[in-house]
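Given next, in structure tokens, is a single chain: the form predicted alone.
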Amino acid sequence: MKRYVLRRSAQSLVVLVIVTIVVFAILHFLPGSPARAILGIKASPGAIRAFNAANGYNRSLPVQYVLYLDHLVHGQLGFSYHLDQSVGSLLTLDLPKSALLVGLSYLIALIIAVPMGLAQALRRNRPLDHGFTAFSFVGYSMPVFWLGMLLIIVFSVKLHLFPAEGPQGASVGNVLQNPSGLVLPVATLTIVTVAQFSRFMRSAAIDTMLQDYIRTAQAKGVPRRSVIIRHVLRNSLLPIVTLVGLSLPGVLSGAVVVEALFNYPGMGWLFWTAASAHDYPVLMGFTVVVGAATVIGNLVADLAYAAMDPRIRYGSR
């Protein structure tokens, strides 16, 4: 297991370096130059020269990349001239709010989707299975923005149960002061996630129930409840573990469409406003953070998978 962890960690580190190279290249492929893209087309030549000298853009590309890595290591992701604030402070401010929104939706989705998918597998091709399958197909295929608008129309405009706008505030504490405002955005993300997770859980449980060791346990007279919990449920969770690990970028980046729809002040809303304002430092810092989260999420999923199924780490030698 130790060798497997070291090997996967080294591979992830290589991928992280590649991510930084790609982001660095994108920054230099911006129209004109980074200075022109950030300061605008009306910036004077003197302002551009001063900007390049202050940020090291007048040096060779290898030197610039080394400086870029040094800034990343020290948590310096750039400076937003549009918002007059460092990118790191912006991400630090909005990241916990996105983690709260997406984390709640994933937690609720897991609580619903795991028993739902297991129940479908145990009652395969029965009315319960068909009903949940129809719900999953509708939820999975429906666009997120359309689902959010439907929830707003029904529960906010018609029934007046929940506000149409997400809770506002500079911190998680401020957001939690208005919990009713979280209901609709969390419900929007939860419905889509339940539809996805339940389908994976159903397929994994059906495959597990067809394995020889399940028939052997049943032939030995092991109680049905023990077979389901100790064998079917445990081994069917492996794909869900992978999905949860791969969802880490979503927890960090937020749900751009949902946060924009409900005006929720998280990472997704920050990205939306930065893209609208052509705030390239924020976009680049956001890309680095999400890219790193994607690599880390894959690593966490692989390690969790190997810990739950020893065949993974032994078979990869």
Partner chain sequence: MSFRNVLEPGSGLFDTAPAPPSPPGDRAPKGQGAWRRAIVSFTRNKVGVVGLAIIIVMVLFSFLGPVLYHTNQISTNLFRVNLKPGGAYPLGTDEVGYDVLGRLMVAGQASLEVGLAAAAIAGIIGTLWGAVAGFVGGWVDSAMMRIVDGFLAIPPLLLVLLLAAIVTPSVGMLIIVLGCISWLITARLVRGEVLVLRTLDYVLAAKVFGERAWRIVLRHLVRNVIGTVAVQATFEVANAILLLAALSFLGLGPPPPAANWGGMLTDGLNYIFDGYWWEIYPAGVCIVLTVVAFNLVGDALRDALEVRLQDR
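In this text the structure is predicted, and so the values were computed from the model without any measurement. Residue numbers count along the first chain shown, from 1.
A second form of this protein, the form predicted together with its partner chain, is not displayed here; the remarks below concern that form.
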Task: Listed residue (241, 142, 172, 217) with a non-hydrogen atom within 4.5 angstroms of its partner chain in the model of the complex - done: 142
TODO: Name the residue from 107, 246, 161, 229 that puts a heavy atom within 4.5 Å of its partner chain in the model of the complex.
DONE: 246
Task: Option from 39 to 47, 52 to 60, 287 to 295, 66 to 74 whose residues, in the model of the complex, bring a heavy atom within 4.5 Å of its partner chain - done: 287 to 295
- [ ] Would you please decide whether residue 210 lies within 4.5 angstroms of its partner chain in the model of the complex, comparing each non-hydrogen atom pair?
- [x] yes
Task: Close approach of residue 200 to its partner chain in the model of the complex, 4.5 Å, heavy atom - done: yes
- [ ] Find out whether any non-hydrogen atom of residue 83 is located within 4.5 angstroms of its partner chain in the model of the complex, and reply yes or no.
- [x] no
TODO: Classify residue 114 as contacting or not contacting its partner chain in the model of the complex by the rule of any non-hydrogen atom within 4.5 angstroms, answering yes or no.
DONE: no
Task: its partner chain in the model of the complex - contacting residues of 131 to 170, heavy atom within 4.5 Å - done: 133, 137, 138, 140, 141, 142, 143, 144, 145, 146, 149, 150, 152, 153, 157, 164
